[in-house]
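Listed next as structure tokens is one chain, alone, in the form predicted on its own.
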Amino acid sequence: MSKNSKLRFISMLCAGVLALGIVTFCSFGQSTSGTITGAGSTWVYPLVAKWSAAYESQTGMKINYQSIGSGGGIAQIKAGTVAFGASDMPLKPDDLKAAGLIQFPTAVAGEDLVYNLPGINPGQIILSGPVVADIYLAKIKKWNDPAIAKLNPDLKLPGVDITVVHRSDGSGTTFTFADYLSKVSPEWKDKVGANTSLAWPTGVGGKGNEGVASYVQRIPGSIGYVEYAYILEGRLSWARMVNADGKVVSPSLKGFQDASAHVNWSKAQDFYVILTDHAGADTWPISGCTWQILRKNAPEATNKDVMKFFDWGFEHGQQMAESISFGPLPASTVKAIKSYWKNQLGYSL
């Protein structure tokens, strides 16, 4: 089938689907009729939602963002069915080049372990990376296990079974979590590793940060990992963690930003950086970032619409970001992003 025949077939298919009233993406990732389409990370959804509402009220441009997980976002931007994809796992420079993509960071944030233990308040439990790895490896199976009790000598831990909750979808949140465990547990690195999707040794899977949070809220004795904005929104019980310096810390915007301060965003090729398990007394160990991904061969108008939205967020949306504990990027990084757009795409705003 020729290229033109394929395009005619796809157009006819799109028309038929729309005639049936089924919602789909048939715009080949273009921004049309005052709408920008995007998909991916559930981690960044709270931030995109806040920015989108304000941006639409100011400009009339609507952001149609589907919170489907980083794996889905990467797949859709590669397929050209959205104008931008969002992933909490950065793509390696060689992978970007091979797929004709570019990526840039949006904001710094973090994730934490949440639990459902009646009588145990938020922030009361202290966990370490090796202990969390052993829980997710199914080596620690009860909440009063000696390894947990050693970290919490003043806490009466119940002898109930631990139900592990993890993501069921392709997830950058999972990548960040698994990357951290790979750095603190050689056994986890060898047996499981770090990726957006994993062969989990144990547990039940929930779709998106929302799904994991929902399972933890419903299952007594459960533990899961979610992005910090979902902890705030759902008022979930969260753990304190032992960081790389051996300090017990709570998740916080300052802790996420301290992790970010250990990398030079402007000099990293295609902004490829990992923020887990950095040194620093106040650094939060499971810190991360969300990247937006664009196609180099997308229509210029489409990429410019996406660039304008995120440029607006960088310049005018930082207070909204901080209100849900997303850390703003340094001014030097924002400047580097704008230069990157021009260098990679051949045009600027």
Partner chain sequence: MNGSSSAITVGSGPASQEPKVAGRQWRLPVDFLFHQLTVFAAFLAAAALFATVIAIAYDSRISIRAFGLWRFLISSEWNPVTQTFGAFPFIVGTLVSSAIAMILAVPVSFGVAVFIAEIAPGWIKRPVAGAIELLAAIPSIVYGLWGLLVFAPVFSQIEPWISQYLGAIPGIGLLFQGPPVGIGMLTAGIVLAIMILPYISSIMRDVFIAVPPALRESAYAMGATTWEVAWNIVLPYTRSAVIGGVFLGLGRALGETMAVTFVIGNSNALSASLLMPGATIPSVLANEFTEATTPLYLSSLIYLGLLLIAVTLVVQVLAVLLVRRLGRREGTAT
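Since we're looking at a predicted model, the values are computed, not measured. Residue numbers count along the first chain shown, from 1. In this text, the rigid core denotes the largest set of C-alpha atoms whose superposition between the two forms falls within 1.5 Å.
There is another form of this protein, the form predicted together with its partner chain, and it is not shown here; the text below is about that form.
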Complete contact of I120, V132 and S185 with its partner chain in the predicted bound form (any heavy atom, 4.5 Å): no
Its partner chain in the predicted bound form: contacting segment from 226-234, 167-175, 246-254, 123-131, heavy atom within 4.5 Å: 167-175
Residue contact check: S260 to its partner chain in the predicted bound form, 4.5 Å heavy atom: no
4.5 Å heavy atom contact, G288 to its partner chain in the predicted bound form: no
Exercise: G71 in contact with its partner chain in the predicted bound form, heavy atom 4.5 Å: yes
Partner proximity in the predicted bound form: A98 to its partner chain, non-hydrogen atom cutoff 4.5 Å: no
One residue of N116, T81, S266, S214 in contact with its partner chain, assessed in the predicted bound form (non-hydrogen atom, 4.5 angstroms): S214
One residue of A194, I274, L155, L137 in contact with its partner chain, assessed in the predicted bound form (non-hydrogen atom, 4.5 angstroms): A194
Residues from 202-230 in contact with its partner chain (non-hydrogen atom within 4.5 Å) in the predicted bound form: G203, V204, G205, K207, S214, Y215, R218, I219
Residue shift check between this form and the one not shown, rigid core fit, W291 Cα at least 2 Å: yes
C-alpha of K141 moved at least 2 Å between this form and the one not shown on rigid core: no
Rigid core superposition, R218 Cα moves 2 angstroms or more between this form and the one not shown: no
